[in-house]
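Before any questions on binding or motion, here is one chain by itself as structure tokens, the form predicted alone.
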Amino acid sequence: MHAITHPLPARQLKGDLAVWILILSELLVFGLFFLGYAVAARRHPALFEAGQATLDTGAATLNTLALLAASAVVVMAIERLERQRTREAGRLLALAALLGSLFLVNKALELHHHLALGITLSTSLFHMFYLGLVSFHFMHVLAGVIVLSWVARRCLRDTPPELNTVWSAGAYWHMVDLVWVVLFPLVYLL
């Protein structure tokens, strides 16, 4: 007796392949940056401990909450868009962009404070890594806020982009959030 087999349906990658390649390459760059930080911190523990003491963990915690909330809101927005509730999705995406903007303002104030104190990339090895990492991440959050704002605007005008584009925007945003979830404890707490 022969078993009847049915071919499994092909799983389709949500989002654009080029965006996934971009995300993976960015995660690789951040991963190398994190590895360099960890090696340097292990070799110079007193220097890194003193540098961390200059950081505002309260502001960083607020930033963490803003990014985590934004990611949750992006998930809700995509779910609404999948159910053809375009305007709801637009409002949620606008809220996610607003939460991302809160992160940007808070981080800009933190960076301004350090620069006003004369802290630069050349101040110490710790500050080189700190300023490099948070500035690089800042630029990624800015790009994410711009993309979320664009998608939100399209949804609010009842001309949403293809769902694949929204999935790509959501995946990029989650990458930005994931990087912060690693960066926050690594740089601010450990």
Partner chain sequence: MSEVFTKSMARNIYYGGSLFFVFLFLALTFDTMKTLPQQDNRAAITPQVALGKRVWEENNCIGCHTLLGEGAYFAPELGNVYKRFGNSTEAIKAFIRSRPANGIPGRRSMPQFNLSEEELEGVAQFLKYTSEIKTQNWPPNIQG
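Positions refer to the first chain, counted from 1. Everything numeric here is computed off the predicted structure, so don't read it as measured data.
Below: the form predicted together with its partner chain, not depicted.
Residue contact with its partner chain in the predicted bound form: Leu121 places a heavy atom within 4.5 Å of it.
Interface residue remark: Asn164 is counted as part of the site for its partner chain in the predicted bound form, having a heavy atom within 4.5 Å. Contact annotation for Arg153: none of its heavy atoms lies within 4.5 Å of its partner chain in the predicted bound form. At a distance of at most 4.5 angstroms from its partner chain in the predicted bound form, all three residues Gln12, Leu17 and Met139 contribute at least one non-hydrogen atom.
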